[in-house]
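Here you get one chain, nothing else, as C-alpha cells; it is the form predicted on its own.
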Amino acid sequence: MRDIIIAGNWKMNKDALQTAEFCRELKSRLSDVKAEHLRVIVAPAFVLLPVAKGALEGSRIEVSAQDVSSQAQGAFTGEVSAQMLASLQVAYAIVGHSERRQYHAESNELVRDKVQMLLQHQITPIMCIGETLAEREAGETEAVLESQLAGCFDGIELQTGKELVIAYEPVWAIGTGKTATSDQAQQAHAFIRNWLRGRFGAEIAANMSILYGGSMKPENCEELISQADIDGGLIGGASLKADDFVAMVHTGISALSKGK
C-alpha cells in the first residue's frame, strides 16, 4: 500500500514564535492520528527547522526542508547542504519547486543533483514537476512532464520507490486559486506513474507516492485524493491555517479507511 502524504509547504511564511505555536497546535490536534500509511509533514524555512522539530517532538508529524544545495560543502554562501539537514534529522526536502525553477533558473539537471545528494544522506526528496499554463494550452503537458522526469531521474537508481516522492504541480494552479479538475490531475498522475513503470518497473512505480501540488484545500482534497493515482498533496496556502491543514489530514485518514 502506498503512503498518503499531507505535506505543508510554508514557503516564506511564519516567524519563530508563529512556527512554534502552530506546530504545538498541530501536535495537540493530531495527537490521536495513528494511521499506519499516513504521513503528515510541515516544511518551514531553513532557519526554523530546529524550532519546528522541537515543537513537534514526540509526535508523528515530520519536518521537511524547502530546498537543499547540490553541493556537499565548501564556499557556497547561503547554501544548506544535505549533511546539515541530516545532522538535524530532517526527514524530507522539497526539490525542483516551480518557484525555484522560475525565480532561480533551476534546471532538471540541478534538481537531479539535489536528489542524489539527499538520497546519499537518507533524506527523502519531494521532487516537483509540472507544466505552465502556456504549455498546457499548447497541448504539451505530457511532453513537459516526460522531459522533466527524464532529466531529474537521469542516473538515479531506486530500490523500492518509497525513498522518493513526486509532487505534480500544474504551475498555472499555484497561488492562483485555480485548481486542475480531478480528471486533469488524475490524467497527469497516471502519465507520471506509467513513465515510472517504464523506467523503474511495476513494483517501484506502484510503491511511489505522487502528490498533487496545485492549490489543494479542504474543499477539493477529498475528490483529488480519491483518484487512483493521487496519493495526497503538497499544500501551500491552505497549510498555513491549522483548521484547513487538520481537515485535510483527516481527509487522508478517511481515504485510507476506504482502502485507498
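Computed from a prediction, not measured in an experiment: that's the story for all the values here. When you see a residue number, it is the position in the sequence shown, counting from 1.
Just so you know, the form predicted in complex with 1,3-dihydroxyacetonephosphate (13P) exists too; it's not on screen, but the next bit is about it.
Each of N9, E169 and I174 is positioned with at least one heavy atom within 4.5 Å of 1,3-dihydroxyacetonephosphate (13P) in the predicted bound form. Partner contacts here mean any heavy atom within 4.5 Å of 1,3-dihydroxyacetonephosphate (13P) in the predicted bound form, and among 97-105, 111-119, 134-142, 67-75 they occur only in 97-105. Distance criterion of 4.5 Å from any heavy atom to 1,3-dihydroxyacetonephosphate (13P) in the predicted bound form singles out I235 from the list I235, A52, C221, I230.
Proximity of M216 to 1,3-dihydroxyacetonephosphate (13P) in the predicted bound form falls within the 4.5 Å heavy atom cutoff.
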